[in-house]
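So here's one chain in two forms, each on its own in structure tokens, numbered structure 1 and structure 2.
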Structure 1
């Protein structure tokens, strides 16, 4: 007992000594901003460099950073916001913008001197809800196809070209699955953004102006029925094979030849495989109508409760406009959102490929739909989950569609 007691006592003393350090006091006149973002260690390093620049240019403002991985970030953000203790400046996701904005926890940046004049045209007005500006995009991304040219070649298929139709694409999947070494693709019909681009191609919308579902049951039944068919005939990789390599993507494990994703995932995928990947077109129904738009990869918002709205706006302006910051980040936050940062960013490797792709399709891009309504995050998750239940043969398509509508309408109503 005594030995144990001594060990404990020593440990407490040690701990007391360690806690003595720490604590940060503001010198007179200095404003401290809390700034939170999601991302990995790389982004943290880039952010820190940018914050250092900002602090050098604004000696009276001190920025204290906090960062977590995406999922953890949102749990922390929800807790802090519920406690009325949201950070002054925070990274925002397009899907959650209205979730937070509609509940009055974000600052209307129009009431500050935030500088958004240099945003590229496609981003002017994005982040506005009912005339108030709740988030400023830092960079953009576009829905697109990734493909593995070598695997297509193995199957004797040509690389997809601009204007490829859905029928041609599905034929390609069939050929790859039958003649190649891999599956043609993954079940893109379980992803709501694929469905959205399909709706947009036909002039439809995912959500209406008043925040309800912008499509019919029959449209979704048609969409998911084809998806189920392609799982059954082997065009799509089976769900369990995808699960086995989660969180990696089947395209970086050479299990599929094509996949649909936001183009900023390209940097990640290129870093996780030795194979050469390329960015390709979204197939169309009618030529030219790809249903693609430039979506904010992430936005910067300020808390409605911040004591320092002007300083927060200053930080946001700096992070989206400063050319040096643009150079530091490259494509880490998506292809930059302002002209100045686009010019300054030196993009190499996968980032250059993304930028080239976005430039090539720029004329085809539509205006981005308004920020998705409150509850959209839940709808997106339900879409994927219920579509998977079809893949697993756990529910018939019409039942699944009913279940989806029930959940989605409930989520959008609350």
Structure 2
């Protein structure tokens, strides 16, 4: 993420005064919108079907599509946005939203007639930065636990129920690792989103409003110390065993009974194992405070330089609200963000299980945190890498925390 930000910043300095974006308009009154997204050929086919529907309903608007794979997309977007030639409508990642908004290259959609009234409650206000709306979610996912009921049964452990506490979960890990055929879980404490959930359960957060770290060294020392303890006592699968099977997850290899991930991983995992997996609750410190929220899988934004703000807003509104578009995409963009598209989407197998899980926990979901600051991607990668140093026994916890804070603070200040 950091290299894209650097490329964008440099290009902006070189591009002052260049012309606005937007497609050429026909003399007959047809407006042309350029629309770019990331994805593969399958998503492109779904997107083209949706664009065809939009153009049929709006014959005076022509949409010129463009797509690339994720990394190539952001390299191209950095250049086009900085050069004043951004597409009118662009797919946006939550991790980049604040960076692009802070550079004033995105349109405040509150100044248009964009229709966001049917967003489900957990997505209301998501995509806002400093009171302006710079992106509208198309769908999302939430942090959760996956578990293998057969492996739990082998160890004589009941399946986790809503309201399970962290102490109860840690006891489950201990029992499975000692009495079962496998390890209780992997070192979830090396993943920043588990740490975020733990912070949110206590009213904390990863980042402050001004984009600095929102937690203390002592909090992270306490968190990573428990992770080290569970590595040493055998509750967590050793890091060396995980490395031997990467990029596969140990849960699809029947090496662990539980794992924490974003719920959209459930569809991928279901295709990688013959074992039955289920989606379970995130353990809590106090009842009802799960620290869970819906994270946008992707958003739709418009360029601040578009010549056609209302037409761009109309396209965004159509793509998030139209029921037929919901049927076309299903869960391809995450479980749909609006009520109409959730009702219209035909979801089967793992996608249906994800949707049912999200519906069941909807009353417990809190508002998503603000879009992360520039440098958050570097912070996330540093968290995992430095936590792994603890897992391999190459770093003591206090030293690892000092190294993380130094790297994270530098990334957020850059």
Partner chain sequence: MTRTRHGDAGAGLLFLTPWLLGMLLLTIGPMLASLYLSFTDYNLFDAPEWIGLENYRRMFDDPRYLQSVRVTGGYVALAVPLKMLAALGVALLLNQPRRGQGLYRSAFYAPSLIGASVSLSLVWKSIFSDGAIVDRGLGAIGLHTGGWVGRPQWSLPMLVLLAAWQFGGPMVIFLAGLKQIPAELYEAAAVDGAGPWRRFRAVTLPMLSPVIFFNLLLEIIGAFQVFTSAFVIATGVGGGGGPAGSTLVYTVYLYDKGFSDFRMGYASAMAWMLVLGVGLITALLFRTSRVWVHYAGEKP
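Predicted model, so just to flag it, every value in this text is computed and none were measured. Take the two forms, superpose them, and find the largest set of C-alpha atoms that agree within 1.5 Å; that set is the rigid core. Numbering follows the first chain given and starts at 1.
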property	result
Of structures 1 and 2, the form predicted together with the partner chain	1
Common rigid part between the two structures for residue 323 and residue 291	no
Rotation (degrees) of the lesser rigid unit against the larger between the two structures	15
Rigid core fit between the two structures: Cα deviation of residue 53 in angstrom	5.1
Core-aligned CA shift between the two structures for residue 133 (Å)	3.7
